[in-house]
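Below you will find one chain, with nothing else, as structure tokens; this is the form predicted on its own, and questions on how it binds or moves follow later.
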């Protein structure tokens, strides 16, 4: 019997924002790999750079990119590798091969979180309604990420560009709540 399972999104069927200046879109199947290792070990850093194309960032709340892969800083020895949909297996395999024999942790967490993209001229204003981070461009800009709270949900926010565009990584169990909160918060700008 053939496997007929299909990947679904935790937000399938949810209506997004109709506000042109604060658009909400789900990117449910981005690959997500949690990586832990010693950033002071050049063998670790070099192996990650060889496998992914970029070294893990060592400056807090920053992001390293290589093509369509992003490595988001989560802590002094922890990162989240975000890959295009379906590429997480290849990235995980490359990391395991490159880091073989080293004291590391590589865990595919793709199914734990979904990604909600918020973009447009008022995207920052929508986030500021429920997030305690200083999101002013002088404090938080492209190439930065931070773990925080948004409307009482734990999130990882990654600013992609100056538009501004934000990827909000949230646990699937909180995704419908957060989606509805974002859609409601964006109504002011429609």
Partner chain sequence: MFLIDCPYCGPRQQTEFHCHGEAHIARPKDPDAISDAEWADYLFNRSNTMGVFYERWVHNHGCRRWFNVARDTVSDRILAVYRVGEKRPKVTK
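Numbering follows the first chain given and starts at 1. Everything quoted here is computed from the prediction, not taken from an experiment.
Quick note: we don't show the form predicted together with the partner chain, though the next part is all about it.
Of the heavy atoms in residue 154, some are within 4.5 Å of the partner chain in the predicted complex.
Using a 4.5 angstroms limit between non-hydrogen atoms, residue 36 touches the partner chain in the predicted complex.
Although the partner is absent here, residue 74 sits close enough that one of its heavy atoms falls within 4.5 Å of the partner chain in the predicted complex. Residue contact check for residue 149: one or more of its heavy atoms lie within 4.5 Å of the partner chain in the predicted complex.
Comment: 57-65 is the region of 160-168, 24-32, 57-65, 38-46 lying near the partner chain in the predicted complex, near meaning a non-hydrogen atom within 4.5 Å. Residues of 108-138 lying near the partner chain in the predicted complex, listed in sequence order, are 132, 133, the criterion being any heavy atom within 4.5 Å.
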